[in-house]
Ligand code: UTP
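Okay, here we've got a single chain as C-alpha cells, the form predicted alone, with questions on binding and movement later.
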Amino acid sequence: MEKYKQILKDNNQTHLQKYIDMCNEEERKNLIKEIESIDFDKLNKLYKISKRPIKIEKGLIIEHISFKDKYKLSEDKYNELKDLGEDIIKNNHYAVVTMAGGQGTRLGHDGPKGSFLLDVKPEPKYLFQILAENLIRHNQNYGITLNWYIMTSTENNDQTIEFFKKHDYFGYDPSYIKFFVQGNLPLLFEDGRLIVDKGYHIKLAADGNGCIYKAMKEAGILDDMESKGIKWIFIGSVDNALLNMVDPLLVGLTIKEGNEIGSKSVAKANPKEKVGVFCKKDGRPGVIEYSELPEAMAEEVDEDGELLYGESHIMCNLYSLSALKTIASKNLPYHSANKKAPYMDENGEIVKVTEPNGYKYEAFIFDGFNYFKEISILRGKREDDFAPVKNAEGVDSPETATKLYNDFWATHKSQNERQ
C-alpha cells in the first residue's frame, strides 16, 4: 500500500487516491496494479513536450525530395518496373500489413473503424471487406495467397477478430491472416494528471502508428515473415477505400533504385491542404506536417509550376524486411496531440467533453524513414489511390470516399487495368 502512495506523491498524481478509496476490493487491486506498471519517468518527459509549440526544430534543413510519376513513365520503364515487382509477388516474397487499431468514433461508429459500412455500389461494403476483396483479386491474378497481418489495439482486438469470424473472413483463407496488438500509453489531463476511465481504469490510448515497428517485433511478426521467406512488406491503413496494397510498380521502383523503403504519394491539392508531405530533413527522407511547414515553403513551386513540397504522405509504405528490423530496434520520438477525452470524475460519474481536455502521445510511422539515406516515391493519382474515411461529413468523409470508390470502379473494370 505504501509503494503506490509514494508513487502518487512523487509524480503529482495524489488525486488518484480518491478513486482508490471509492473502488471495491477487486477494482482497487486492479487500479493499484495499473499505477505501479506505469513508467512515470517516460510519462513525465512526454508531458513536457505537450507544452512546446509546434514548429521546425532550430537548424533543421528542409529540402525538396525527388519522386517518379507513375503516369509519366515510358512504356519500357513501366514494364521493367512492373516485371521486377511481379517477380517478388509471384514468388510469395511479399506480404501486407493493415493498421486497424482505431475506433470509428469520429465517424459516429461504435466499433473498430474497419467494421464501418461504406454505402458503395453495387452493394454496401465494410472497410475490412474492401481490403480483403482487394487482396483476393491479386491472389487470383498471381496464383498465390498473400500473408495478411492486421494490427489491432487493446480497445478493439477482440471485436475485430469476432467481426472477421462472423463474416467468414470475407472469403480470405484465415490461415494466412495474423492479428497482433499495438501498445498503449496513458492519457493525461492538460495539467498533467492521469485520467481515470470507466471501471476505475487508467485511461489508455494506442501509442501511434509509429509503434507498429516494435509491435511487429514483440509479437513475433517479423520472425514469422522471415520464416516464410517474405522479403518486402507493404503497410497501409484500414481507412482508405482505394488502398492498393499490391502495386508491383512501387516494389519494382524501390528495388531498381536500390532502396530499402518506398512509398506511394499523391499531389497535394493546394498549398493549404492539411496533409503531411515528403521532404528531406538534414539530408534524410521524412515527412513534415502541414502545421510545421512555413507558409512560404508550402507555396514554393518548381520550374513546372508544381509545389516543391507537394507529395502527400497517404500511408502507402513499402519496406524490406531488413528495414523493418532496423527501425524496430530504434526508439522513435513521440508527439503530443490535444484530444477530447471523456473521463470519470471524483464522484464516479462519466463526463463527456466537447473540447480538447487532455494529451495523447503517439509515435509517427514516417519518423522511421530517417534511418535510411533515400526513399523511393511513386506518385499516383488521388482518384486512383486515395479515398480516406476519417470525418463524419465534409472532406475525407464516407460521402467523398464512396464517390471516389464508385467512380474508380466504374472506370476500371479489371484489376489489370488498375496496375
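The structure displayed is predicted, hence computed values, not measured ones. Heads up: residue numbers just count along the shown sequence, starting at 1.
Just so it is clear, the following notes concern the form predicted together with this ligand, a form of the same protein that is not shown.
Peer 1: Of the residues Leu188, Leu318, Ile221, Ala206, which one places a heavy atom within 4.5 Å of this ligand in the predicted bound form?
Peer 2: When this ligand is considered in the predicted bound form, the option within 4.5 Å is Ala206.
Peer 1: Of the options Lys274, Lys228, Lys90, Arg106, which one has a non-hydrogen atom that comes within 4.5 Å of this ligand in the predicted bound form?
Peer 2: Looking at the other structure, the residue within range turns out to be Arg106.
Peer 1: Heavy atoms, 4.5 Å, this ligand in the predicted bound form: which of 234-242, 193-201, 277-285, 327-335 makes the cut? Say which one.
Peer 2: Heavy atoms within 4.5 Å of this ligand in the predicted bound form occur in 234-242.
Peer 1: Is there a heavy atom of Lys340 no more than 4.5 Å from a heavy atom of this ligand in the predicted bound form?
Peer 2: Lys340 lies outside the contact set for this ligand.
Peer 1: Though only this chain appears here, would Met151 touch this ligand in the predicted bound form if you measure heavy atom gaps against 4.5 Å?
Peer 2: Taking the distances in the predicted bound form, the answer for Met151 is yes, it comes within 4.5 Å of this ligand.
Peer 1: Test of understanding: in the predicted bound form, would Lys113 fall inside 4.5 Å of this ligand by heavy atoms?
Peer 2: Taking the distances in the predicted bound form, the answer for Lys113 is yes, it comes within 4.5 Å of this ligand.
Peer 1: Can you tell me if Pro248 lies within 4.5 angstroms of this ligand in the predicted bound form, counting non-hydrogen atoms only?
Peer 2: Pro248: no contact with this ligand in the predicted bound form.
Peer 1: Check for me whether this ligand, as it appears in the predicted bound form, comes within 4.5 angstroms of all of His64, Met297 and Ser376 - heavy atoms only.
Peer 2: Looking in the predicted bound form, the three residues His64, Met297 and Ser376 all stay beyond 4.5 Å of this ligand (heavy atoms).
Peer 1: Under the 4.5 Å heavy atom criterion, name the residues of 167-191 that approach this ligand in the predicted bound form, in sequence order.
Peer 2: Stretch hits: a single one, Gln182.
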